[in-house]
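In the block that follows, a single chain appears as structure tokens, in the form predicted alone.
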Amino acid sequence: MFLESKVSIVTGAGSGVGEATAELFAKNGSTVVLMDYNRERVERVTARLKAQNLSTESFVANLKNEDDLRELVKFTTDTFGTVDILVNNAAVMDAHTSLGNVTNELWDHVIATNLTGAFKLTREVLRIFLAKGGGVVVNVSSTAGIRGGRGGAAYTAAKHGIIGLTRNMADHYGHRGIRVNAIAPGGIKSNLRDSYGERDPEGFARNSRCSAMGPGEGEPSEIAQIALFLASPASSIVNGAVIVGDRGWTIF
């Protein structure tokens, strides 16, 4: 029970990596608030976990709505007293769109969801961590956060930004008992691709050069295991790190 008596918030918990992470955390003793924008999905997952006598609650929120994020944190503290762990997992794709084809609307949507939402929610939770002298943030970035040919311009910029935010926060708050680390998954079997929309032919053709060399997709549960390690005391010496989970894709 690596997370016994801990209270966690997991975003994008209605499916994929978020769902797997919420379940694994709950099975390891954490009370988990599952946040997602899709009510049907997140309530279905929460009901499934409750049926296993796991301590979970759902919360519907939009990462682009700052009031929603404040309410999410308030709900968590009002219901469970505190927040110990935040997993910023929720994200959308950008259809591999090359910069010249990126509209203002697409850029704003991807950056607001994948980067600004994580920043605002983390800032809200940080106040709690600082008041009690500790906490853990696990940010889910991507191999697109460490390479240039794994996604479109907006997605790549956002995921690079998540890693920059991770490292800066780890440096500024590590001495206050707050650890912040990131995961960079490669291809994962999830419904994240549902947010593609129509693929940008130019960008997709460029990204397909490296995709063809990919060693195969991972399972959401495999990324959840990395998140558990980073959230638990087992990684007490790890701060500001980026752990790549891509079956060795970024080796070449």
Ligand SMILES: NC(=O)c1ccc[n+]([C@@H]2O[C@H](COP(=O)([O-])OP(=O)(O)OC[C@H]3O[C@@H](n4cnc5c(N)ncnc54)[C@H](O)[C@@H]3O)[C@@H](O)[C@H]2O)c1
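Residue indices: 1-based, along the sequence shown. Given the structure is predicted, the values throughout are model-derived calculations rather than measurements.
The same protein has a further form, the form predicted in complex with this ligand, not shown here; the description that follows concerns it.
The chain is drawn here without this ligand; in the predicted complex, the stretch among 137 to 145, 97 to 105, 170 to 178, 79 to 87 whose residues come within 4.5 Å of it by any heavy atom is 137 to 145. Mapping the unseen interface onto this chain, residue 190 counts among the residues with a heavy atom inside 4.5 Å of this ligand in the predicted complex.
In the predicted complex, this ligand sits within 4.5 Å of a heavy atom belonging to residue 155. By the criterion of a heavy atom within 4.5 Å, residue 91 is counted among the residues contacting this ligand in the predicted complex.
In the predicted complex, at least one heavy atom of residue 63 sits within 4.5 Å of a heavy atom of this ligand. Taking a 4.5 Å heavy atom cutoff to this ligand in the predicted complex, the one contacting residue in 98 to 136 is 113.
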